[in-house]
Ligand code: F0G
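This document starts with one chain, in the form predicted alone, laid out as structure tokens.
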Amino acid sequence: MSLDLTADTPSAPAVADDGVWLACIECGETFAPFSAIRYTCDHCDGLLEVRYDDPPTFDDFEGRGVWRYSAALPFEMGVSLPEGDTPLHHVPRLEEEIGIERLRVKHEGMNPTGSFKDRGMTVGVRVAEELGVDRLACASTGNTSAALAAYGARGGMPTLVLLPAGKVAAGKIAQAALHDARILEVDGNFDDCLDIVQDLAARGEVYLLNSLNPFRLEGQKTIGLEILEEFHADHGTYPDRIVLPVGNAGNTSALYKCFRELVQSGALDADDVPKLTGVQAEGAAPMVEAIEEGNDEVRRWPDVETIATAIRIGNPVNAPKALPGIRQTGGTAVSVTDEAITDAQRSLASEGVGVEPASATSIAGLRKLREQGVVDDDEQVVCLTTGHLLKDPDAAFAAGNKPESVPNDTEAILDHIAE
């Protein structure tokens, strides 16, 4: 089944529940949304996508936050903290330095647990309630575990998280621990953790809430709805391009789905859809490799390493959804060095926007694409930053100014700062 930007709105199959169903993106098989737990197609193991027979227009939205967009979601309300309604920052000095017509930064680090993952969990944990599951679980590089632990606690559900030992920032482990998740540190990388969680889910031991779960992406697509609404309210147009970090490629897939549904409803012209542009760290760039080589599939990287721990992923499970998203919108993908990421993190901080390293890849990638002439000087761009500065305090400390020792004396301090 082609994930075509201009495909017509699908008709509801017999299995639909109030106009909502699951469809396989590979073979087109359809399933009832809440009658059984499933993450992939029963017939071909392809990725599933939530479908609607009546996608909404902007006129159908009211309220604030993720659940403002309930008309585009499977429920009227989820397990909420609340989430969404994050700022779209102006960054005038960065805009001038990069040399484009307009640059805005969508800061998802301002969600309740400090990352965009909260948007997916408010929907995903609500689905878990609907299905009556006993235990939630995820593999994580940190942010997913923090969000799942918080939303699991809010929903009164036990939560299990698998983390790659020694590879997760302290701020994220602390969140999962305080929200009472059971934390298992695996002797392996993130992709190994995900393999195990998928196995546990297949055995019926846990309900998996990684972005392989199609309902997670429903919450995350509200990032795109917020960007389009606020950008249009401020500037009377839509951004030409959205640049975002890529780990498991869930956000790339979710934003593309958001745009397709808006085109189907007639709320957005296909010509106004922003170019989806993914950025990865050089040490973990399987999506970039696939885009650059023109491949239909992503080759799994067994060994990945980068300062950007949140996207230290070698096998992005949502690649079959994300690759069409990049290509159908006329976007691209690029990789950047850890040094470029840290420099971008400092630049964002100089504008008052505090992000973890993975978030800064969007700015680093925009800089590189601008230097290469891929991004034109008349473009209007939104960069997505996905996690808060305090998610990785060690990286923030290493990138920032160091404390200076001074005597306990006012005059001595004046002399010191005068130097």
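Numbers for residues come from their place in the sequence shown, where the first is 1. Computed from a prediction, not measured in an experiment: that's the story for all the values here.
Unshown form predicted together with the named molecule; subsequent notes refer to it.
Within this chain, Ser362 is remote from the site of the named molecule in the predicted complex, having no heavy atom within 4.5 Å.
Contact annotation: Thr144 falls within 4.5 Å of the named molecule in the predicted complex, judged by heavy atom distances. Contact check for Gly78: every heavy atom lies farther than 4.5 Å from the named molecule in the predicted complex.
Shown alone here, Gly224 lies farther than 4.5 Å from the named molecule in the predicted complex, counting heavy atoms only. The contact residue chosen from Gly152, Gly247, Gly278, Gly124 relative to the named molecule in the predicted complex is Gly247, the criterion being a non-hydrogen atom within 4.5 angstroms. Residue in contact with the named molecule in the predicted complex (any heavy atom within 4.5 Å), chosen from Leu255, Ile242, Ala284, Ala310: Ala310. From the list 293 to 301, 331 to 339, 115 to 123, 258 to 266, the contact stretch for the named molecule in the predicted complex under a 4.5 Å heavy atom rule is 115 to 123. Of all the residues from 386 to 412, those having a non-hydrogen atom no more than 4.5 Å from the named molecule in the predicted complex are Thr386, Gly387.
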